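A single chain, nothing else alongside it, follows as structure tokens in the form predicted alone.
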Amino acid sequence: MIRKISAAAGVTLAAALVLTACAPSSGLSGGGEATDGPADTGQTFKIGVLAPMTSWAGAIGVDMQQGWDMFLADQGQEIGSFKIETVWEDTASDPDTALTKARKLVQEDHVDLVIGPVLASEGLVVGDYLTQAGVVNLAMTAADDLTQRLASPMVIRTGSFTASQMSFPVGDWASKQGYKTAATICVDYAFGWESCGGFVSAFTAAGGTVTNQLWYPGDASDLSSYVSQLGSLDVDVIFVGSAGGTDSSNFFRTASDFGLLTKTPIVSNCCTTDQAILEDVGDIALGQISGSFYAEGNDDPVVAGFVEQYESKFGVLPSLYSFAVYSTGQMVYDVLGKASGKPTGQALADAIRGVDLGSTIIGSGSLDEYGNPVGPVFIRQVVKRADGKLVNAVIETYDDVSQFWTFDPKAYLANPPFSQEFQQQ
């Protein structure tokens, strides 16, 4: 079974194009008052899941559903005094559809919480609606502002870290290797800006200099002109912030053809070496370095056990999305297993914010006051397993990484979001 290549980390070109248009003008700051009818009563706890099951991001939804199915098979449909009922809704990779499906989950299905969506454009508009409806939203998108300038007490990012949060350690690690100068190439929308901004901010804070930044459109099928420019630069390291789709495969193949992979060290964001990419490009990616909160080649016994079980069950290595929905389920069960009565609304949100991430397959960490994980980010290297499969193996761990890195949160939030024009905290 070969997984289709899809845009990673919850953001793609289509998501970015509608990101601004879909963002609520007042921010995700509602007070949590229920406006669409009461939640289901009794001992049934109903969970709605918004996932892109069809259209261009459909492979992500498949990974999520497989991860959730394995979680329920492991943990059971009951926890404490609650019977779990799951309602899946396909967002069709579209923010308007995602909002329509979120309304259905609240108004018709009377769910107690919503997991997802994944795409940034979907996450912002759905988060605003669920905040106004008083329903907890466990988000799986990497869009920085969801837990920063647009933070809501009802929205908690449990299925991802922010895009910049996963790239801060990459910049710091590159500096520690003795690299003094860097160039970047990133996809030209919010996820690319944020991935690049994390690297640039940490690399320059550690004393490095970024001499050149290139931006390519998300639908670019030919990256040869960009790779050619990178090959002409005299820099110590290149950072790649791709969308984790065909752009990643195109970059690796073109960089290999142009000799860039052997000329200049390359480091990248979470998705440039995702499993789907490794399956596609093969040994071209051997040795490549990236940063993420998930590594399928992690030899931690808990993660390794999860990967082995998933691979045995589904025939493929688990993606970040399978891992994320499984760990999200563990957080929900942690709260329900301790509850004497059904927690809903703000009480449920507060309880989830108090969960120790060490009780999940993430392994350690907590949620900050904005509802974002503070936990480990791994520097990963692509290696070949004994059976010939390529995996991202952990070569260094950065513990307790904050979405604000080492910067002062107040000063950080006073700055604009990352963009082409703003790249350095």
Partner chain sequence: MSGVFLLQQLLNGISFGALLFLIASGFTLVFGLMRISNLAHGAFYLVGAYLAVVTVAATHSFWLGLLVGAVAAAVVGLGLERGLLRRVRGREMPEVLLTVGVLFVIADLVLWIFGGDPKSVNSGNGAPSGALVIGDFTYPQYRLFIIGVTLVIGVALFLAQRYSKFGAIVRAGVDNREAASALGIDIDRVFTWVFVLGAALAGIAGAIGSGLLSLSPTSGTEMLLYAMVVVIVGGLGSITGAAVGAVLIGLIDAFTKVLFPEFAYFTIFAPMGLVLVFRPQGLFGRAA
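Positions refer to the first chain, counted from 1. Worth saying up front: this structure is predicted, and the values here are computed from it rather than measured.
Unshown form predicted in complex with the partner chain; subsequent notes refer to it.
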### Query
Hey, in the model of the complex, is Ser249 touching the partner chain, heavy atoms inside 4.5 Å?
yes
### Query
Taking heavy atoms only, is Ala59 within 4.5 angstroms of the partner chain in the model of the complex?
yes
### Message
Check Ala285 for me: does it contact the partner chain in the model of the complex (non-hydrogen atoms, 4.5 angstroms)?
### Response
no
### Message
When the contact criterion is heavy atoms within 4.5 Å, does Ile277 count as touching the partner chain in the model of the complex?
### Response
yes
### Query
Among Asp109, Asp334, Asp188, Asp236, which has at least one heavy atom within 4.5 Å of the partner chain in the model of the complex?
Asp188
### Query
Which residue, Gly305, Gly354, Pro217, Gly76, has a heavy atom that falls within 4.5 Å of the partner chain in the model of the complex?
Pro217
### Task
Given that the partner is absent here, state which listed stretch (250-258, 156-164, 176-184, 345-353) has heavy atoms within 4.5 Å of the partner chain in the model of the complex.
250-258
#### Entry: the partner chain in the model of the complex - contacting residues of 206-233, heavy atom within 4.5 Å
Pro217, Gly218, Asp219, Ala220, Ser221, Asp222, Ser224, Ser225, Tyr226, Ser228, Gln229, Ser232
